[in-house]
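Only one chain comes next, encoded as structure tokens, the form predicted alone.
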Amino acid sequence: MNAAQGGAVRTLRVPGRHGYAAEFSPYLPGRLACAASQHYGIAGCGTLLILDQNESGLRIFRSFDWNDGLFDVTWSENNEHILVTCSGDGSLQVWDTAKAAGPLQVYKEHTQEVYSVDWSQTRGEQLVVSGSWDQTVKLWDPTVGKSLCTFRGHESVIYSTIWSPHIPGCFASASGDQTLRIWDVKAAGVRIVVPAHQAEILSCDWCKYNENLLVTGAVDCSLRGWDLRNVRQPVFELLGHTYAIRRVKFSPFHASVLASCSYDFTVRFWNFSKPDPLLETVEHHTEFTCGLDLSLQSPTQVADCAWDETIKIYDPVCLTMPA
């Protein structure tokens, strides 16, 4: 099934840049950030692209270069112009889209690649977490020049760090050590360790409607749902991808809908509450699909990016039909 059936696909090709992450602005409808790297992130520099939509497609509003690959990006939750990226050189960068030059700040503490960065979503907190291949998670206040805390416990590289949208000071991490971990900033330690897969876990996300529900996506091609009140067994398992799942996101609009992208080049949409949970498979990339986000403003709009040098915004059929 092709996404074009649900309306026009807006595509931007960025020659020589391989997409790693795409994130819609929480403030400006249609604005998208994409973290990309040269040479598949193995060597060369990185670029942060800020895109806007118009009738004819996507246009670059601003682009910023960094001297190493950029692997993830997160928008500030208290300033529509500010973003944070993370890089292969172990650093985080703070950017201001209102300024042509950048970055505003660089935080270099991790000793290996930083693969994940996320800005807290609960009120009263303006904190960032970063997850690194150095097996640590670091907590940052973007107004302070050094990390507030370092969380240790994972026994392999960390691929994903995501704040709870419900519980202040709580975040999840997913790792090559095959565990999902839930951390408490106030306790400065791990609360729950979930042996979620018998494979590396590349992504996790929190349900926007249930503070106890998370999903993990792994190299074993499966997505698993976890209820933190009882983590002995997953509450759902979604099968269909044929290669590693690179990123998974819960819908901001539907409690049981989520999307995943994979090294099998596809993006898949699921409703885990249905007997036949796979809603749609979108096959419009020709390389590893790494970045994925669902719009906070439009219930139907999705963005993704891949190693085929393209960024796409589209409305999959399954989101344009009544649930």
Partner chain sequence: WLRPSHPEVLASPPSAQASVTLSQLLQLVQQGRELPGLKRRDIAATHGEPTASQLPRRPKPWEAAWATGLADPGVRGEEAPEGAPTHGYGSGQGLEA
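Please read all numbers here as calculations on a predicted model, not as lab measurements. Numbering follows the first chain given and starts at 1.
Although it is not shown, the form predicted together with the partner chain is what the next lines describe.
Ala244 is the sole member of Val185, Ala244, Ile182, Val231 with a non-hydrogen atom within 4.5 Å of the partner chain in the model of the complex. Checked against the partner chain in the model of the complex, the candidates Ser156, Thr150, Gln105, Thr111 yield a single residue with a heavy atom inside 4.5 Å, and that residue is Gln105. Interface membership of Glu309, defined by any non-hydrogen atom within 4.5 Å of the partner chain in the model of the complex, is confirmed. Contact between Gly88 and the partner chain in the model of the complex is found at the 4.5 Å heavy atom cutoff.
Although the partner is absent here, Thr266 is not a contact residue: none of its heavy atoms lies within 4.5 angstroms of the partner chain in the model of the complex. Residue contact with the partner chain in the model of the complex: Gly44 places a heavy atom within 4.5 Å of it. Scanning 238-265 for heavy atoms within 4.5 Å of the partner chain in the model of the complex gives Tyr243, Ala244, Pro252, Phe253, His254, Ala255, Val257, Tyr263, Phe265 in sequence order.
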